[in-house]
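The form predicted alone is given below as one chain in structure tokens.
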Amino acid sequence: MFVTVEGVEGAGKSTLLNLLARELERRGIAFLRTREPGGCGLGASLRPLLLDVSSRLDSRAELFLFLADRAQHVAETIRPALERDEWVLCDRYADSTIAYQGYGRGMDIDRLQTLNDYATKGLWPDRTLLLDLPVETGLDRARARNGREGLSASEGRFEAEEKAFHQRIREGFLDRAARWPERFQILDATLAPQQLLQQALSGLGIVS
């Protein structure tokens, strides 16, 4: 099963993925945990360009860097794991590009859908866990985390965007969830981590 976790900045994706990984391990389910950008060799090289606050990327250059990472990530990491019958847990995927570059930066949504279909050879998740919360709460969390971990400069480029940008992204994720309700599960990211885990497991068909 291919599972992605999506959401605005500071929604708690890493926390939920940590808990999901522990639960799958406890149950003896083979899985691979990965992320975008950075889930393959190319992505690891591109991540600093995409997330560093000093990067001054044109929006189209930003888009094609994400797509290049995704194409290689699918070919090098995700498809081989699925072919080994492993679960794949991925922190962000194509829905993030459409939410951020489409709804956030105003690029054409249908074109982005087509470009992502091409980059992934049509590989979309079986299930997407969308962590939803007010953007102010998420940004406060993300900035506090970056400060604690010393990532404000190296990975804080998107957190530095204006609040309206993040609000458009949140609305974009919710629009996509409404369009593909069979794939998306919306989770209230203001809940305690264990509550979120239980909801996620239920949505993935894993009995507690």
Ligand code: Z5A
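These numbers were taken from a predicted model, which means no experiment stands behind them. For every residue, the number given is its place in the sequence shown, counted from 1.
One more form of this protein, predicted in complex with the named molecule, exists but is not displayed; see below.
By the criterion of a heavy atom within 4.5 Å, C40 is excluded from the residues contacting the named molecule in the model of the complex. For T15, a non-hydrogen atom is located within 4.5 Å of the named molecule in the model of the complex, even though that partner is not displayed.
Proximity of R183 to the named molecule in the model of the complex falls outside the 4.5 Å heavy atom cutoff. When the named molecule is considered in the model of the complex, R47 lines it closely, a heavy atom lying within 4.5 Å. Stretch 135-143 is the contacting one of 135-143, 52-60, 23-31, 175-183, since its residues have non-hydrogen atoms within 4.5 Å of the named molecule in the model of the complex.
For a residue to qualify, one of its non-hydrogen atoms must sit within 4.5 Å of the named molecule in the model of the complex; all three of T97, Q101 and A192 qualify. Shown without its partner, the chain has V8, E9, G10, A11, G12, K13, S14, T15, E36 in segment 1-36 as residues with a non-hydrogen atom within 4.5 angstroms of the named molecule in the model of the complex.
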